[in-house]
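So this first bit is one chain, no partners, the form predicted on its own, shown in structure tokens.
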Amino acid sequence: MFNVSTQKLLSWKKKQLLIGGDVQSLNFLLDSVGGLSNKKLNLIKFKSEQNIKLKVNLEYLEILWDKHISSSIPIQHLCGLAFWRDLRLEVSNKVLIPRPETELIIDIALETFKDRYERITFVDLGTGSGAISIALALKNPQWFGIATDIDKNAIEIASRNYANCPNNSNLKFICGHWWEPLKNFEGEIDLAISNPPYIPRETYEKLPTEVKKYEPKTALLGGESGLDHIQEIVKKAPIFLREKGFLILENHFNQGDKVKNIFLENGFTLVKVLQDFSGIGRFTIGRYK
């Protein structure tokens, strides 16, 4: 551990922000690498005489911050982790950094099955870091989950993330393209959930450098219209879902009506487009018959 005076730390923090970047990212660095939580960071402002203990020295933190500013490398990649809901997840440039706006998809799933007490079989298609599948599995130990991803590296990262969780016995990871690895579960899935690539090509080309250069293209680009993967998932869903099974997808901010129609065209009922915390139609949910 490294002892740093409160005054020195606050001066150092001010200096880094003058170089560039935002305070949330710098706080994330101090928390994830330095071991200084946001709660403690807020408290030291009122205890100026206190010495602070850090896991690493300020020089090392400054090196990471300089890389973040100069190269636009996401701070999560430099730290090797991301916080999502109550999870601490390993991430790299092999998986999409889980976004806060996606967190609501867990609440939608829980609300949909709040009155179901029997064992539920769910799948997370394109699991990436494992955020969605792990959150559901830990919240519902009686559920059984299968998470798929076409990228072997993503499956390895998601598996490690789950292995670091307590009571990890109700979720398995399989490498493969969308529904392909689930042929033994045809007609047995109660809930399918996915945050697929849905960004249209024109929009993808205009993404910020830190996203376009460092996050996997396969996790972002959804074809010319952004709907290629969504159409494939919805079209094949009836093969795998039980009767009255649910499908929940995240979609782009302006795709809600189009995705709703895709659901309806493939035999789904009770189709709804649900808003995120910003009032954007971010999620589409439907029941198969």
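From 1 onward, residues are counted along the sequence shown. For clarity, every value in this text was computed on a predicted model and none was experimentally measured.
Below: the form predicted together with a small molecule, not depicted.
- Listed stretches are 195-203, 135-143, 78-86, 164-172; the contact stretch with the small molecule in the predicted complex is 195-203, by a heavy atom cutoff of 4.5 Å.
- Using a 4.5 Å heavy atom cutoff, none of Val123, Asp190 and Ile233 lies near the small molecule in the predicted complex.
- Residue Ala219 is the only one of Val91, Ala219, Ile155, Leu182 with a heavy atom lying within 4.5 Å of the small molecule in the predicted complex.
- Contact with the small molecule in the predicted complex, defined as a heavy atom within 4.5 Å, holds for exactly one of Asp107, Asp151, Glu210, Glu101, namely Glu101.
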